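Given next, in structure tokens, is a single chain: the form predicted alone.
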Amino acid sequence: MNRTALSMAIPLILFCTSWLTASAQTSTHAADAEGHPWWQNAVFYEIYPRSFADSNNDGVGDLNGITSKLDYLKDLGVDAIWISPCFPSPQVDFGYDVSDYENIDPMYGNLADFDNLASEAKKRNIHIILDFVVNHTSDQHKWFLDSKSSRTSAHRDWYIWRDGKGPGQPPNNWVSTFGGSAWKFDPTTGQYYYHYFYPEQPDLNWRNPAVKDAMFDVTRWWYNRGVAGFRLDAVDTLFEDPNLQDNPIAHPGKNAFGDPFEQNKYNTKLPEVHDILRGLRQVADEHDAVLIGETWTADVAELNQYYGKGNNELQLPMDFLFTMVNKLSPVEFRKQIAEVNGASGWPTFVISNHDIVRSYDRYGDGKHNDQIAKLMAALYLTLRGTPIMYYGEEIGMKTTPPTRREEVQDPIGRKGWPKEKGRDGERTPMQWNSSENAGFTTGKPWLPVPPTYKTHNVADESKDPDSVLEFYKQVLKLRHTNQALLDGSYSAINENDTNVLSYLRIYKDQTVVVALNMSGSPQKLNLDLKRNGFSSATRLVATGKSTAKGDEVSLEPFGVFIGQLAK
């Protein structure tokens, strides 16, 4: 640590203070005692409902199962749960093909079950976030069934219909992200309809004001039912070039589906997307709600667009660039953290979700995975920003992909096998205990339970003070009670260190140091306490033999030290 690092922290504090003040003045969100909207210091937790807890033992998780685990989530330190789509759906894409936005799919329960979940969550001060599929519906949605019935139907212009270039030729060269042409011919009306995803997921025509009004009303309907916000799915794809220009080819070769690599220049990230986000934000502000964005961006400048001018779009656009640092590299993490800290809004950190190989595997070395899981927890839960956990991260669940095509559930895997195995591996059932099927169900689970449930499960880890779960609980408890971790500035220290990522979180007269050894050998960090105005470093949370003595922090391999600096 040096004086330069400490002096740099002062402007950061002033920047954070001014941003929070501006946010409080321009937002109608309910604020806490410090003037923050509720979501800013919350810990979010993504639940894949099929895989979390099965209350009726049919092999598929459900809403009553989630309700039964609310005490676990509260004890863990979760403030909000994001539930992946649980609306009625033919399940072509596991709920991301919605056939009714204002109901619950029978496999998950019914509206009464949802109301009970909302009521019980509220008692525990846990907010509910729903996954809102804004780009498309199911081809079984009543809007689309009417739309395809004739060229003059009331909902015809709610979707994107076009004539082909010629017999058997789609309107342009756009390719579906799930393989093949993004256009499907409908013989009933003799036109093609557009689908960025599966043919069973026709894209809505957001240029039609009636679509916007209907979808905005969906959010109001759920807000009035107790929902505290939405995670907006695939927001980049809401608009397409009305002239349907062909996309340029990005580079030679073919993808896993045998399609050319296209640059999605004319069917993603069009400027009109931000008009819709501003509108959705206005509705959200009327209900003290939060909007989380599935925002894949090339850099922070692009990420800033999703916050909007004056922070009037998404409060929490996810920084997926953080997940692209797929190795334990202090240099790379330091760079990415600095960039997102320079963004125009509040940072949002995520290291896993239902579409990404679990962090346990991405960062693990096969030998020290549990230690590394704790390391990553200490990282994304102590940074300046809002973390979004993924179910099972807290117990060290690993990705377990299918080994045979017959086992594959994910349509991506069925279509792209064996080169593309799909996303089943990161969606396996939650591991609650060491009984059969990990306590998830007594029926046949919709996906096989990984054999690691014998060693990594909630029940056993709750009894082991050295487990991944207990470490998560310690860090989350500290995060909720330590003002520097909640509201402090971020300042990198020892920036030339290629083995240890270390930084300060500073709030008024309170300073916390976080030191993370990203190497497999012991490391030491010199805090130079007296020269920097401190007298001691007191351990708050640490792993194993990681300790502070005098000016020196000693870190075991992949070790963590979080300490309070005293003057």
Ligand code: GLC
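Quick caveat, the model's predicted, so the values are computed rather than measured. Numbers for residues come from their place in the sequence shown, where the first is 1.
The following text describes the form predicted together with ligand GLC, which does not appear among the structures shown.
> Would Q40, H127 and W346 all count as contacting ligand GLC in the predicted bound form, using a 4.5 Å heavy atom cut-off?
The answer is no: none of the three residues contacts the partner (heavy atom, 4.5 Å cut-off).
> Residue-level contact is defined here as any heavy atom of the residue lying within 4.5 Å of ligand GLC in the predicted bound form; does R334 satisfy this criterion?
Judged by the heavy-atom cut-off of 4.5 Å, R334 is well away from ligand GLC in the predicted bound form.
> Evaluate K477 for contact with ligand GLC in the predicted bound form, applying a 4.5 angstroms cut-off between non-hydrogen atoms, and reply yes or no.
K477: no, not in contact with ligand GLC in the predicted bound form.
> Can any non-hydrogen atom of H368 be found within 4.5 angstroms of ligand GLC in the predicted bound form?
It does not: once ligand GLC is placed as it appears in the predicted bound form, H368 has no heavy atom within 4.5 Å of it.
> Residue-level contact is defined here as any heavy atom of the residue lying within 4.5 Å of ligand GLC in the predicted bound form; does D115 satisfy this criterion?
The answer is no: D115 has no heavy atom within 4.5 Å of ligand GLC.
> Pick from 462-470, 420-428, 334-342, 392-400: which stretch has non-hydrogen atoms within 4.5 Å of ligand GLC in the predicted bound form?
Looking at the partner contacts, the answer comes out as 420-428.
> Please tell me which of D497, E294, D79, E262 lies within 4.5 Å of ligand GLC in the predicted bound form, judged by heavy atoms.
Looking at D497, E294, D79, E262 one by one, just E294 meets the 4.5 Å heavy-atom criterion.
> Quick one: from D139, D236, D93, D319, grab the residue that has a heavy atom within 4.5 Å of ligand GLC in the predicted bound form.
It is D93.
> Using a 4.5 Å heavy atom cutoff, which residues in 348-375 contact ligand GLC in the predicted bound form? It's fine if the answer is none.
The stretch touches the partner through H354, D355.
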